[in-house]
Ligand code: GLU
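In structure tokens, the next block holds one chain alone, the form predicted alone.
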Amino acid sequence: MNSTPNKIVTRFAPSPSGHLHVGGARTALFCWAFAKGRGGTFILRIEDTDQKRSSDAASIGFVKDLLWLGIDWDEGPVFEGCGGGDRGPYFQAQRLETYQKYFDLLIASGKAYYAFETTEELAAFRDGAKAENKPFRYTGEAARSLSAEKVTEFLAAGKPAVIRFHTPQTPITICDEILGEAIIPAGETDDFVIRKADGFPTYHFAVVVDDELMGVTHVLRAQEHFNNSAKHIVLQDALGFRRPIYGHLPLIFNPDGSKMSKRDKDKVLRKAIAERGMTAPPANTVDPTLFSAWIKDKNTQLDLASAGALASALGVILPEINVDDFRRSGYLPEVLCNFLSLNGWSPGGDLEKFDREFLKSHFDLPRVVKTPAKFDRSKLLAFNLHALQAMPREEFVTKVAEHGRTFHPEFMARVTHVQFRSLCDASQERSKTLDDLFRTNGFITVADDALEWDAKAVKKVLQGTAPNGQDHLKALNKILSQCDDWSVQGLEKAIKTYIDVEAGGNLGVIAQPLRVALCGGTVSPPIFDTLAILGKASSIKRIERCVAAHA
């Protein structure tokens, strides 16, 4: 194993192709904690050499995700007080001159060469290997046999070319702080591309050059990159670079053993569409042409806005996959960080709940597990519920208000300050997320004469053998109309006698009919809080409408 350097430098180097996946967030968190806890440097680097998948807007999305989680970087793109440094630029697309210097060095030393095969020719090579039931290995014999004059001629004529690395045909030993040592047999790694035909470096080349020039000492990344280390090691040796210390982190799986993927959302939507036999999208959700193309091609996915609109119209909940999904769902960043830390690392003992400062001072590689982590959503939800319940009331109100202004501005605009405060007081003990208050109390923002009632709830709660829910509503309406103290305590006092005499002391007998009348369904805050929040005029009007509508 490599010896530990004096100055720890780690990096997180995502491609800017959307919001941050929770797996990437876990990697960033571990890289951050490992460096920060040892007085080292944490670098954020943007691997944007794949021009088809990269965009500036996407990079802003995931840097916001990092900052929301509390993961700040010492060097990297300058954003909201983070970043800077003298080892940049930190966008790989801005480092092409640097990469070209090392391309030239490898070509001059005979360790790399230009290759001019077309896509069709390479496809034919692969088909030939497949026909012989052999793995495809690019030999490079034809390309390496070209004379220097011929190469110059082809390049001058503008013939498309890549640069390939001439991989030594010797075993490659990978030393990993988590997985241990592995030997890749000679011949397993072929002459791979290090510069694409568009002039941009491949991931393998850019990451090696950048890690060396930026002084990265420890590369912590997902296990899916483990085999890539063989290519990186031979490049490091060819360029005379040092080898950083590697640590490959376990993947994060769903409880059923499948890999957590952005496609999980797509699967939920496609299943809902299939169950309904839909051939066209609901109105005002997805462009019909886009919807038709999506239905026909299972390999495509809808963009975030379209998927969200479609899910809302279908009444389905999409699984949270990206950090922004969890933020929108109302999870606390500190809870998500705590939970992600436990997906692949153990602090020891029975300790499960800790903050980022604890992680920073205790995170180490020996306690990183080798097997895939299972993302237990129920456990995360329980963590979040406990954190919200333990939160001081004023802090809870502030955080819910911030969440509402960001993700539910229409709701916030339609409730009064008093109503919102009352909702928070009534909801904190049962809120699993900051979003629960908004998802379960939409009835408050509906006009009294526009409220609709759930047919199943009406049949179950209001109808049936007398005295049924309708009978209770008629009697309660008379009592409530005469109530002068419209507070929780006053309302409870006004109805107490009726509950004791007509409902056998069982509050539920009258609470559910009232909920249906006031909210349209059987879910609301405690019934006296619901009445108080709506106010006397709205409550009486809703009860009267419900009685008349279901007489």
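Bear in mind the structure is a predicted one, so any value in this text is a computation, not a measurement. From 1 onward, residues are counted along the sequence shown.
This next part talks about the form predicted together with this ligand, which is not shown.
With the partner removed from view, the residue among L534, I527, I543, A13 that has a non-hydrogen atom within 4.5 Å of this ligand in the model of the complex turns out to be A13. In summary, among the residues K196, K111, R221, R243, the only one with a non-hydrogen atom within 4.5 Å of this ligand in the model of the complex is R221. Although the partner is absent here, L388 sits far enough away that none of its heavy atoms falls within 4.5 Å of this ligand in the model of the complex. Under a 4.5 angstroms non-hydrogen atom cutoff, this ligand in the model of the complex has V207 among its neighbouring residues. Among residues of the shown chain, F291 is not one whose heavy atoms approach this ligand to within 4.5 Å in the model of the complex.
Among heavy atoms of H166, none comes within 4.5 Å of this ligand in the model of the complex. Contact annotation: this ligand lies within 4.5 Å of heavy atoms from the stretch 221-229 in the model of the complex, the single such stretch among 300-308, 116-124, 221-229, 375-383.
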